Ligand code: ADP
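This document starts with one chain, in the form predicted on its own, laid out as structure tokens.
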């Protein structure tokens, strides 16, 4: 073994070490063994096929630079990989850039080289963006995502991310809310806007359940490294309904490594959940702690103004008009979530078109009675607060005061308990609406009320009167 190739590789390493993380250097460069330098071709031995593929995807530009610097302008690079079969041992030799690309779990074509001509082992043409279906719904845009107080923070953060993916403090962006309040719409809008502003970026929307299924398949087929490698090449990764990873240790482990790689390389991550991250059960602490690195924003039930705007937007998009009193009636009586509101609107528009009749309040009332009131109803926290305050003859503003006055404290605790029981709002959201309290305070309030219901008969009778008003609403 000549001394030249060892010296040259050590010189290369001195530059590489200054341009990668300490962990990256130990993982991907220390195991490399220089074998020879012949005719300007530096041959390196790497442990495995995946190791070779990873270097080619993630460090090829750096390798090109150091080879050119220390071998010369005509310098080339090739790899040798040890193989061990039942009958013999040896190596296989692969030129740089002549790699097998990671298999795509989404089922789309693998990425292509920029040039389909002869491969130059030194001048690496690089990768196009991954040729994958982003899985984004073109109908879910920012233009038809109506802004209101209920979603302003999350929507504004999403727009900022789309303009500068991976470069803001909102990485990851975690959006949480109960069902039907627009989480999926918003994350599709972020993806579509990112693609519009940055067509060179690879954007992928995937449901957490789909991610888990892909991982199980990859693991079964011994393709775990390809699965990880594929997801690490995404520029903007959007995971919807992360709660479906609860209890799935294998998928959580692999997502942990994907998350770390993307975050460290300034790739954008967007996650949705039906609960505040710390309330998710069956999730590893190391993942939950990383979800807190960026911004966590909730979507709340739309207020009357926002509901009215949503109705007007839907009518405009479909070229239909409703009388103003009908619009106000629908907005006032369908309060729970946007999905429910859109369902009522679709039914009314269909009846109007099929029967060629104008929509009336009577028609709207019939649809709402059938569509909304025959379903398990979610009551908003705001509505519960108003019912409780009316019972105790105080205002919501008084209930939010930081006071130890027994009447106010009791009203607030009851409102928290009923909100947890009748709404899908998270403990964090309930606390914010009940005097800007934290989720621990809400948890304590719920336990206090539950204990009193078990031991205080007089309190139980009073509580039943309040609950009846909510149950009949």
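Residue numbers count along the first chain shown, from 1. No experiment lies behind these values; they were computed from the predicted model shown.
Here the subject shifts to the form predicted together with ligand ADP, a form of this protein not shown in this document.
Although the partner is absent from this view, residue 342 contacts ligand ADP in the predicted complex, with a non-hydrogen atom inside 4.5 angstroms. Heavy atoms of residue 202 never reach within 4.5 Å of ligand ADP in the predicted complex, leaving it off the interface. Within 4.5 Å of some heavy atom of ligand ADP in the predicted complex lies at least one heavy atom of residue 146. Although the partner is absent from this view, residue 252 stays clear of ligand ADP in the predicted complex, with no non-hydrogen atom inside 4.5 angstroms. Stretch-level contact check against ligand ADP in the predicted complex with heavy atoms at 4.5 Å: of 324-332, 388-396, 158-166, 182-190, the positive one is 182-190. For the three marked residues, 134, 208 and 237, no heavy atom of any sits within 4.5 Å of ligand ADP in the predicted complex. This chain lacks the partner; the member of 276, 140, 291, 227 within 4.5 angstroms of ligand ADP in the predicted complex by a non-hydrogen atom is 140.
Comment: ligand ADP is not present in this chain, but in the predicted complex one of 310, 71, 262, 297 has a heavy atom within 4.5 Å of it, namely 310.
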